[in-house]
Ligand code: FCB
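Have a look below at one chain only, the form predicted on its own, in structure tokens format.
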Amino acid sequence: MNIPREFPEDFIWGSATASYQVEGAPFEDGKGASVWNEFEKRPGVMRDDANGNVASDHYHRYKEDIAIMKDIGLTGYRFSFAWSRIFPEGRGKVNQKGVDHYKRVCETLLENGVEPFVTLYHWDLPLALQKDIGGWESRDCAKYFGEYAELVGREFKGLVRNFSPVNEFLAAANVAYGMGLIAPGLKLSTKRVNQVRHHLLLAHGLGAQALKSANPEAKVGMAENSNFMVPVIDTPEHVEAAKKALREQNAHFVTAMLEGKYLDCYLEKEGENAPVFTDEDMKIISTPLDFAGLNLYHGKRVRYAPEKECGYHIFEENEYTQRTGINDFYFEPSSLYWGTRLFYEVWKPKEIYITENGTRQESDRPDPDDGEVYDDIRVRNLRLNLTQLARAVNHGVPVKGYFHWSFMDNLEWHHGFRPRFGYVYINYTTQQRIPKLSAKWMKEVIKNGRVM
């Protein structure tokens, strides 16, 4: 089969970061503490006792970093605002220095031909909201998030057109409030975690409404690491089984947002642990979106299974499968095709962006002979992934852009600085930036408009 490798001229080629992971300057210019500034103090929770005091120093070096983006040819940059840099207490008084900083970042991006795609919440909740009201356990947290979104929509009108209110609900809820692996590091009961999930969905809906109200021209979408499905054989029965699995395995977040209801299978599975909600909540949660942002690292293989009540079987991964993410992302290039295609066929979003996709390496380091960083495995993975994405684009799936995770090496949450995902190598001692082989390969892709 001859798979097309071309992309449209207006395709957005981007990369992504998150505020806590790259900015540093945790209390500079009036910024308030986030839950991460407290969490990282606990003994043993951060690999190598890492912290975000400096990280990749993006707060001070954003102009240098944006110049590298321009040189690569990137036309989009997805990054997050630190909520507590704008509202130090999460509510109430605005820190104008924080607002002005992000305005300067956005202005510099636009001057260099790079479109800002802003995430409002990438897991760094203002510490005051966690201490005062219990963070996302409180419905009020969603209300304050809506107020934060309204201010951002108003202040950044004319600078930012594309927003994602919340990044990855599952990590923000289950990993943070259930497993205790990321800030605020709690281990709550299933029922309480499910309520956190619901409040995050409510925040997303309120945020979407506030952004659109403040700036009707804004485009708002999700940025979700969904459970993506790959039919084990490309035949009608397996494809339909994968679609059913996609809808049901994402009933806790994506299906609720896009269909305005929790599926019966989800509520029955959770039983007495199901979240408490109202019909009005679901109307807010299902506020229409302008695009679907897919954090797409992997896909689960599915077969038609008439012997099962659900009608499908999801294959388990094995120890020989290459991991591409922190813990659970398995290398499955066809997921870039099937993940986008099935998502489109099930929910018909207007536009799709790959808001994250990337490869973890702990071996990235400068070559002792010439100082270059030869991340050939990342290049191999990019070539295979983007070939499958081009297949989807050329088959009519409305994928409008690709954001590689990440632009630069950064603080990978509780895993510290050893996992490296970036196009750009960061020497954390000197803060030297070295564009890797993957950056040079991507420069050729962008210049030629096709997978090289």
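Residue numbers run from 1 along the displayed sequence. Just so it is clear, the structure is predicted and the values come from calculations on it, not from any experiment.
Note that the form predicted together with the ligand isn't included here; everything after this is about it.
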Taking any heavy atom pair closer than or equal to 4.5 Å as contact, tell me whether residue 122 reaches the ligand in the predicted complex. yes
Is residue 297 a contact residue for the ligand in the predicted complex, using a 4.5 Å heavy atom cut-off? yes
Is there a non-hydrogen atom of residue 402 within 4.5 angstroms of a non-hydrogen atom of the ligand in the predicted complex? no
Using heavy atoms and a 4.5 Å limit, would one call residue 421 a contact residue for the ligand in the predicted complex? yes
What is the one choice in 168, 115, 150, 281 with a heavy atom within 4.5 Å of the ligand in the predicted complex? 168
The unique member of 40, 65, 57, 412 whose heavy atoms fall within 4.5 Å of the ligand in the predicted complex: 412
Please name which of the stretches 413 to 421, 66 to 74, 48 to 56, 23 to 31 has residues with heavy atoms lying within 4.5 Å of the ligand in the predicted complex. 413 to 421
Stretch 331 to 359: residues contacting the ligand in the predicted complex, 4.5 Å heavy atom cut-off: 356
